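There is one chain below, alone, in structure tokens, taken in the form predicted on its own.
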């Protein structure tokens, strides 16, 4: 029967334990993608082979399902003789796919900066690295906070797919409890509520950061 309070009292601690894995995966993925996505976006903004490779990477990872990529990483590395743990495989697959999306967010932010600012920086004799770090990147950051917040929310939800490779995240814990209790409704309702809390925290953090940037300007 739905809303069995005794069952929920036993379920919540197990889901919270799984949620710790979910949060760890989400934070690590987002942090790595912030760096990796910027590298890909900068490579994509150049000319020549580096740009072709970066563009091909973005197209491939964005147009293939995350679950397939996760299986390729998990089983592919194992077949190659140096298998990764489920957690490491899930993290790598999440970074590979979301790195492509983050790169496109960065690319949109870079394109939003007027070309005159690039030209002015070069005219003043600024090196490319200085131009980007001092002039361009701060403006890009201010523009990409909302889409980055959305991506952080997507990453949090995407972590649920690591359950397919036996990582004991919140979704896998939920599956185990459903199999042992047959109480599908209460289990997945609890999971949905915790995901809602986690994504709401990410949304609020993004809005606070956006307001702080606006105030600093």
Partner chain sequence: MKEFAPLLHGYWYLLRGAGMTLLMAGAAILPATACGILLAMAQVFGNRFARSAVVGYLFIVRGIPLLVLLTFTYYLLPLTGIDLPPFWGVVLVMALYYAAFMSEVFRAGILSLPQGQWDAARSLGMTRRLMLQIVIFPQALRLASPPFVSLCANLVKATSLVSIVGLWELTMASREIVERTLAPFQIFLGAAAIYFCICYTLALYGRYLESRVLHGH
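Numbering follows the first chain given and starts at 1. Bear in mind the structure is a predicted one, so any value in this text is a computation, not a measurement.
Form predicted together with its partner chain: not shown, discussed below.
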When its partner chain is placed as it is in the predicted bound form, are 46, 98 and 202 each within 4.5 Å of it, taking any non-hydrogen atom of the residue? no
With the partner left out of view, is residue 59 within 4.5 angstroms of its partner chain in the predicted bound form by any non-hydrogen atom? yes
Any of the heavy atoms of residue 196 lying within 4.5 Å of its partner chain in the predicted bound form? yes
Tell me, yes or no, whether residue 141 is in contact with its partner chain in the predicted bound form, where a contact means a heavy atom of each within 4.5 Å. no
Examine residue 51 and determine whether its closest non-hydrogen atom to its partner chain in the predicted bound form is within 4.5 angstroms. no
Can you tell me which bits of 182 to 206 touch its partner chain in the predicted bound form, meaning any heavy atom within 4.5 Å? 184, 185, 187, 188, 191, 192, 195, 196, 199, 200
